[in-house]
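The chain below stands alone, shown as structure tokens; this is the form predicted on its own.
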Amino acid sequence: MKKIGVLTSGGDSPGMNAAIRAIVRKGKALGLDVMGINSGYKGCLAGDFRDLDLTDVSGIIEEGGTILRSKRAPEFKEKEERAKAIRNLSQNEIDGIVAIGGDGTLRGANALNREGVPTVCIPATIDNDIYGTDMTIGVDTCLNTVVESVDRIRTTASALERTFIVEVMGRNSGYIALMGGLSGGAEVILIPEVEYNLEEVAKNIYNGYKRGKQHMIVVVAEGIYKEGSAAHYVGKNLKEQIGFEVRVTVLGHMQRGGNPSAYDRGIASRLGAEAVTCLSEGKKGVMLGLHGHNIETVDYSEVLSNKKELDMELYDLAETLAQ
């Protein structure tokens, strides 16, 4: 293997740039040329490649987003389209690819690997919903943003004696809401994995005020309500039932932004370097997962055929501590 490519795909995660930096520098240390693929699998289809040298990744470890940019490419699911991408990769003498991203990125990497292009995948998604790894790149930074926001909202909620609804990302996974709510001391956490009853929520909030609580923080994952804003839906219902002032904050894409935390920079650097080592040693068709402090390889087939389940003991703990 003489030349490897690197791409970022799907939603961006803080720490992707740290992984790109590690891939380029480890590759150069092993005598490999490294080529960046712009805009994820879209770049593969368009042949949008560029050489990456040490100077290209200087000073990017602290930057959020991704210098390679990221776009979704639904057409990449078609074998005929992938054939175009493979020709582009071959013409540019790219012998293998490190793909950085979430579930869709893994599926694209798996397809390329089956069709003769060696790939290794690094899990990067703020939802932390990838099977086979304890943590994914971007999660820690996202949670720090959520907790800081909840802390700030709690200050004004206490001053005004109001209930605040805070909506966080998570269409299918409640991990951000659960861990953000647990760490931020939320009184109520609503996630897609657990059925909820707004009458019970309203009752708990009302009883909390009767016990002397001066404010309430309700953290909701966007995926608990499929027909619009989850926070506004919950807020409207609670206001009607308890008769108190309710305010809504939707954190939105600010959860993806900002400089990556020290933890995310560290794991991204480790995973990036290890991905290059794997390709250089002939390993392919694997995702790198964090298990405790160790990095382990997990076959794509295992990752894609299993679903990562939320730790419901943590949900029970959050309910206990919210009393």
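In case it trips you up, residue 1 is the first one in the sequence shown, and so on. What you are looking at is a predicted structure, and each value in this text was computed from that prediction instead of being measured.
Just so you know, the form predicted in complex with a small molecule exists too; it's not on screen, but the next bit is about it.
> Is Gly185 one of the residues lying within 4.5 Å of the small molecule in the predicted bound form, judged by heavy atom distances?
Replying inline: Answer no; every heavy atom of Gly185 is more than 4.5 Å from the small molecule in the predicted bound form.
>> Residue-level question: is Lys213 within 4.5 Å of the small molecule in the predicted bound form, judged on heavy atoms?
In response: Because no heavy atom of Lys213 falls inside 4.5 Å of the small molecule in the predicted bound form, the answer is no.
>> Ala85 versus the small molecule, in the predicted bound form: is there a non-hydrogen atom within 4.5 Å?
In response: No, Ala85 sits far enough from the small molecule in the predicted bound form that none of its heavy atoms falls within 4.5 Å.
>> I'd like to check something about Gly108: if you look in the predicted bound form, is any of its heavy atoms closer than or equal to 4.5 Å to a heavy atom of the small molecule?
In response: Gly108: yes, in contact with the small molecule in the predicted bound form.
> Pick from 99-107, 173-181, 142-150, 85-93: which stretch has a heavy atom within 4.5 Å of the small molecule in the predicted bound form?
Replying inline: So the stretch in question is 99-107.
>> To verify the annotation, which of these, Arg72, Lys239, Arg247, Arg154, has a non-hydrogen atom within 4.5 Å of the small molecule in the predicted bound form?
In response: Contact with the small molecule in the predicted bound form is made by Arg72 alone.
> Heavy atom within 4.5 Å of the small molecule in the predicted bound form: which of His253, Lys226, Lys203, Lys77?
Replying inline: Looking at His253, Lys226, Lys203, Lys77 one by one, just Lys77 meets the 4.5 Å heavy-atom criterion.
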